[in-house]
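Here we start with a single chain on its own, the form predicted alone, put down as structure tokens.
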């Protein structure tokens, strides 16, 4: 059965969020494979239990230990080794293999209790940030250093806007405590840890609006730490980016 058909069949029983990323089908197929195998083993265990209860009083020849214990144990070992190896390959493709050199670079910063997203601008370089300059109330939530020329064209937004069909490399940061960056429809989950930079790359495939959640209990305002990922067609994204870069340039003029 084709993987897409397998996913559609599985979702009739196990409802999954809409899959809007290029790597999502492989993850969904593996998840559903695990669920179907677990269901089959559950059914087999109950059949064996019922058979044992039904025939417990009948005289029968003793079953050899090899058939009763070692063969099922070997089969289960091979099965779980296969599932573990397949899961490791999927994990490595997203976490251990770096993004393409042409991937779009976006910086994601979590803080109590908001997400901010920074685009590098026309120079394709992020400006320097300093903790002492962080001032959300003054319009500088990331602490951009005005003395660094690379930061003059940086675009900071509270909404993550991306083009469909292009790989994106997210660099995750946290200013205060651990935050969990999660977009279920993109099959993304990565912690943002203070003092560290975590990279995660993916390719959004379906235009639409998707909720960005914090999956770590980060304080009393954790419940409202949400943002939006807006995936646009490439032409619409270019228009959005040019308009916001122009607005940012006007604000940065003396």
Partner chain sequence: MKGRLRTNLLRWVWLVSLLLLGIAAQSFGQGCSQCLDNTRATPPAVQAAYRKAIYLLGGTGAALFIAGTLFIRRER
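Just so we're clear, the structure is a prediction, and the values are computed from it rather than from any experiment. Numbering follows the first chain given and starts at 1.
The form predicted in complex with the partner chain is left out here; the points below concern that form.
The closest non-hydrogen atom of residue 98 lies within 4.5 Å of the partner chain in the model of the complex. In the model of the complex, no heavy atom of residue 203 sits within 4.5 Å of the partner chain. In the model of the complex, residue 94 approaches the partner chain with a heavy atom inside 4.5 Å. The partner chain in the model of the complex comes within 4.5 Å of a heavy atom belonging to residue 73. Residues 109, 150 and 157 are none of them found to lie within 4.5 Å of the partner chain in the model of the complex, as judged by heavy atom distances. Looking at 176-199, the residues that come within 4.5 Å of the partner chain in the model of the complex, counting any heavy atom, are 190, 197, 198, 199.
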